[in-house]
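Coming up is one lone chain in structure tokens, specifically the form predicted alone.
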Amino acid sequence: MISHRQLFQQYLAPTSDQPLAIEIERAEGVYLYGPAGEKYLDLISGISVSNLGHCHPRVNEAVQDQLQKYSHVMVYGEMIQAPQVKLAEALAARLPGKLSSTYFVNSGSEATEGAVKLAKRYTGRAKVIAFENAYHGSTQGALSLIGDESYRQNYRPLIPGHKHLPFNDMEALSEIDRDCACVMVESIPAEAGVRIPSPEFMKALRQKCSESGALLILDEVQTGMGRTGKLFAFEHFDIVPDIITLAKAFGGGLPLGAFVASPERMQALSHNPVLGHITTFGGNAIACAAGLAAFEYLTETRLYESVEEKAEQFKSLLVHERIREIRNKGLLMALDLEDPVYCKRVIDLCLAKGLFLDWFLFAAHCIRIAPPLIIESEDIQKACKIILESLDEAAD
């Protein structure tokens, strides 16, 4: 009998030369389970997706309930679908300013594409600014915004008119002028290894966009939904964006993304031409039902208020001579080990001990820690013990 591993290798498109190829039969809470009884403590949440853990009962119930009604009825924006309407309403109630018009998509990359299109359409400008070591998705338009040439170079020509600035550099903000449609920036750059901007930089960025008429797009795909200790990471900096992008944990484990702006700005996509931005599956009823259940649970319980305490427990336990630095905002953490080869050995050793970790796209020398927000003290202690043991073993 052909194994799932053989079928995986034969039929699934490869994304790396050496995929992990770990078979998962089920997942619950903060654990992943293999078909032969393997058990892994999940410290990356599917890359910051499963903020409420795996198979959360409230999300599962919402999905099952919606399945009994309908899954797909019509292309986006033509029919009134209660899961979309309720989620958009709940989101607007928690967002500041005029951020109350939501365009649902399927992923973070699509949210990026839609947000930049909206900015160009609304302003009538073409210039787009992003930052070095930024990650906003892998589709062609989003790729043009990625701030790492090694990821861009083999896919040129890219979309023209993009400029990348050094992050957290006040002087570089002079590049934002009246030719600029938008500036897109991660509230906290994750794939760069969790680099925290200064409040002064973020406020100066907001001011420069306001002065020039460029729209400020904040990428909250990885940092939203409580990951950093606040519902949205931009709340740490006391600023309000013109557009935000959401995905990952926004869908409660299902494929769902969004870009959110003011109704006035979002109107620009509805005419000249009509259907200026369309999607077949964006805002799928089942995905929105899952997203609404997750969002309501998160906001009702205020689960994100416990995030900083849990992060502090990680930091207090992870004391080791090979950890050069721990950078974090809430439970988005980077353990800087300086050496990418050593980092990979540590991650592999942890996996063999039942702890699932990862690195960052633009910081291969750092271990990613981004567990489900529901993780408890006992599992934090268990995870840190395995990491410390593996740090020692990898050094031998």
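Just so you know, these numbers come straight off a predicted model, no measurement behind them. Just count from 1 along the sequence shown to find any residue number.
What follows is about the form predicted in complex with a small molecule, which we do not show.
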Given 216 to 224, 262 to 270, 232 to 240, 78 to 86, the stretch touching the small molecule in the model of the complex at heavy atoms within 4.5 Å is 216 to 224
From the list Ser101, Ser144, Ser109, Ser306, which entry has a heavy atom within 4.5 Å of the small molecule in the model of the complex? Ser109
Mark Gly137 yes when one of its heavy atoms lies within 4.5 Å of a heavy atom of the small molecule in the model of the complex, and no otherwise. yes
Any chance Glu113 has a heavy atom within 4.5 Å of the small molecule in the model of the complex? no
